[in-house]
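The chain below stands alone, shown as structure tokens; this is the form predicted on its own.
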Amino acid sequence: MPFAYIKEGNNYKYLVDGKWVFSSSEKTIGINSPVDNSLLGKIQAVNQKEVDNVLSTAKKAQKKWAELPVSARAEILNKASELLSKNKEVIANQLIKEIAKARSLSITEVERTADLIRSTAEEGLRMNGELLEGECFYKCERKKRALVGRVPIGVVLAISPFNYPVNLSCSKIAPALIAGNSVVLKPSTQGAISVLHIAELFLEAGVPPGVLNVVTGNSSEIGDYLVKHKDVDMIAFTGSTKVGKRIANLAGMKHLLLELGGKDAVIVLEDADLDLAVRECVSGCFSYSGQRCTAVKRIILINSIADKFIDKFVKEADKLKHGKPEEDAYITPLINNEAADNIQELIDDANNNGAKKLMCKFRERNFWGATIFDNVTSKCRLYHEEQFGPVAVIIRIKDEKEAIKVANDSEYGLQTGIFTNNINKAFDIASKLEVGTVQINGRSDRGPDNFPFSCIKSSGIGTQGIKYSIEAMTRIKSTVLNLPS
């Protein structure tokens, strides 16, 4: 029976070598509801000695796992996908309680993740090598042929964030496993209980002991230790730019796949469908209270249509339901008080630097209502810094040239959206934007999960997406045949 072993009473265990155990530290971390601060459970505070054991176990298990045929690994992933679908209500309810995600969004995250796991299994079956002929190259005196294939990297340290704990854990676990790696997963503290449930489903699906391990604990105690550990071959991290840069500095020669912060913009041109642009921007700014790296963080408007857009945008934002996640409210409490305090600082700064507040419904502890600022300029921190909350930032510009300049005036480089009915103009502007992805007539968005999701500048390193993540979690190995002349 799923989830029977992951806890005793209110104390959740961590996973090592296929077993759910308590930490020898006898220390725990309380997980509280973002809605009412009630205690949801306690997770283990794993220590460094236990990290050594987990990584040693993962390293040993990886060798046998890599020897399994890809078809056998795919069969296990398909079973995990089925179990996730079967238990989607349980997992979604945990997300609702633990990270205050609305019911419909929680269900969607679980369903999307089940699809991701299944599609990763299918893509893994298409990992084909190639045969290269060397005789066409300069002064190749002997006939040479290279058998080129992909092999697993080894032990993957996966570090997942609070906002999509199920999806952004499995988007690392699934490609790592199908490629023949073992995984040590360190989830964000908030969201960890949901992740422990997911890990139990992978075990039930048949993942062998030691191939998937989950450690929980204080980053101050084990974070740097994990990143620098000799038995870690690759790090896949989703989180803040500040932490991502620290990981990059500490990791040395390890393989890195980093998905960090964003300041995603949309550009609305004069010939845009304003009703479409408004709908997409409302969703982009306020869905899950804006707690997404791909949330719309800047709305860049041509002056001639700005007032008309803003009038429609404010009216639509004013209709959004605020409340509890179990009631499927559109805007729910932020993850904690610290997140709300950061929004407060940005709003205070905008008020002091000439931005025009069009809407700011309320603040109650960590619960922010929908907020909209117009006339945000480079004097404001909101112009530059990532707001991780339900705050819309409107920047007015005079023409397309200035729109491109403003969109690129950021340390981040995830996505930019362009709203226009002129496809030639859209492609011309897209070619000049310094981001990994350009959305035409749509908001910034991480999915579908088979699309490449590229990060540049301070937004990260590497490209994710099912096929691309598998490639990132393997390395090319060549065997060269030297044939007689």
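What you see is a predicted model; the values in this text were computed from it and never measured. Heads up: residue numbers just count along the shown sequence, starting at 1.
The following text describes the form predicted together with glyceraldehyde-3-phosphate, which does not appear among the structures shown.
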item: Partner contact for residue 163 in the predicted complex: glyceraldehyde-3-phosphate, 4.5 angstroms, heavy atom; value: yes
item: glyceraldehyde-3-phosphate contact at residue 447 in the predicted complex, heavy atom, 4.5 Å; value: yes
item: Contact of residue 183 with glyceraldehyde-3-phosphate in the predicted complex (heavy atom, 4.5 Å); value: no
item: glyceraldehyde-3-phosphate contact in the predicted complex: residue 294, any heavy atom under 4.5 Å; value: yes
item: In the predicted complex, the one of 118, 254, 150, 112 near glyceraldehyde-3-phosphate [non-hydrogen atom within 4.5 angstroms]; value: 112
item: Answer option from 168, 177, 214, 156, heavy atom within 4.5 Å of glyceraldehyde-3-phosphate in the predicted complex; value: 168
item: Option from 50 to 58, 420 to 428, 438 to 446, 30 to 38 whose residues, in the predicted complex, bring a heavy atom within 4.5 Å of glyceraldehyde-3-phosphate; value: 438 to 446
